[in-house]
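Only one chain is shown below, in structure tokens, and it's the form predicted on its own.
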């Protein structure tokens, strides 16, 4: 005979399981729209890309011949892909640190409580409202070898004009400048919001103690802003690896493949050469690179983040 306590315990367990199932079902129903969107626009394309990376395809992108890892072996041995990796790494090094530093400097200026500062905040964040295509076209005119305002300024002070988008040594720098200018608005706005969330009492206490501006910047502002900086750096790294629009409009990957970033290389391989298998292999390689960089960023970068 089962005791009354055992019977009650089993009844409680059944009720607990029933409520857990009800809560689980409710959670799934709430998450269902997001699950469907992620499945259609993320999980299915990722799975299809991984599938195609093991095949040779026809011009319509249909899988024809299974080749296993040969597509990956091909791209890792191709000199063109090596140039793409080098260009991408240099591009990330050019754009991410410079863009974050400039955005932080502008955010510090715009955070000062002075009259008319709202005008400068609007100007600094205005690049957020300009599309990639429009921005690239504007800089295309600025970098023009004869009519561009940049070369006109250089020649006016006695310098020689530069083929910004036509010289292999300057093309990647030119695309990097364009990208930094385009991304400053977003980074500036996020950093400014982080600065405005820092408690003013910390600065008041530091001023009473006689701390200088740069001491406050090093000991209060940067530590308290570290979560926002961590977010901005992580997003900027991911965006830098995925840059495409300005490269397509300004240089088309040239000259001499000096601006042939990995994303643009994927585009050319798939939609110009119609080699969807090798393009998918490059996409998987890029995905793994971004995943590793993000994991390393969270593993080592987050240690220096100071949460309130």
Partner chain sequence: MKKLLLLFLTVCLLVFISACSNDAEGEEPEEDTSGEEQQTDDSSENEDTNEEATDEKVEAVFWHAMSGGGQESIEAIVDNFNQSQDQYTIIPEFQGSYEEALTKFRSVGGTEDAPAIIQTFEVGTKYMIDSGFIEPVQSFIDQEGYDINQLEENILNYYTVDDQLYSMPFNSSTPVMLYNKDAFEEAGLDPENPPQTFEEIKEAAEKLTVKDGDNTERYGFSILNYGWFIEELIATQGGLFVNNDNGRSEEATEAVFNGEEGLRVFQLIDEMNKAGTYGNFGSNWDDIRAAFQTENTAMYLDSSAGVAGTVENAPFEVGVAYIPYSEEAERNGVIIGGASLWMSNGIEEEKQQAAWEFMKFLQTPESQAKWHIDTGYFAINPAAYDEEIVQERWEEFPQLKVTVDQLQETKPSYATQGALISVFPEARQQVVTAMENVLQGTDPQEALDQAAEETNRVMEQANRANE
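Numbering follows the first chain given and starts at 1. None of these values were measured; they are calculated from a predicted model.
Quick note: we don't show the form predicted together with its partner chain, though the next part is all about it.
Undergrad: Taking 67, 161 and 275 as a possible spot, do all three reach its partner chain in the model of the complex with a heavy atom inside 4.5 Å?
TA: Yes, the whole candidate spot contacts its partner chain.
Undergrad: Could you tell me which of 26 to 34, 275 to 283, 42 to 50, 237 to 245 sits within 4.5 Å of its partner chain in the model of the complex, going by non-hydrogen atoms?
TA: Correct option: 275 to 283.
Undergrad: Give a yes or no for residue 194: in the model of the complex, does one of its heavy atoms lie within 4.5 Å of a heavy atom belonging to its partner chain?
TA: Flag for residue 194 set to yes.
Undergrad: Given that the partner is absent here, does residue 71 sit within 4.5 Å of its partner chain in the model of the complex, heavy atoms only?
TA: Contact check for residue 71: yes, within 4.5 Å of its partner chain in the model of the complex.
Undergrad: State yes or no: in the model of the complex, is some non-hydrogen atom of residue 79 no more than 4.5 angstroms from a non-hydrogen atom of its partner chain?
TA: It does: once its partner chain is placed as it appears in the model of the complex, residue 79 has a heavy atom within 4.5 Å of it.
Undergrad: Looking at the partner-bound form in the model of the complex, is residue 147 within 4.5 Å of its partner chain by any heavy atom?
TA: Yes.
Undergrad: Just one of 231, 94, 181, 203 has a heavy atom within 4.5 angstroms of its partner chain in the model of the complex, so which one?
TA: Selected residue: 231.
Undergrad: Check each of 177, 89, 128, 211 and return the one that places a heavy atom within 4.5 angstroms of its partner chain in the model of the complex.
TA: Residue within 4.5 Å of the partner: 128.
Undergrad: Note that its partner chain is not shown here; using its position in the model of the complex, name the residues of 239 to 258 with a heavy atom within 4.5 Å of it, in sequence order.
TA: If the 4.5 Å heavy-atom criterion is applied to its partner chain in the model of the complex, 239 to 258 yields 252, 254, 255, 256, 257.
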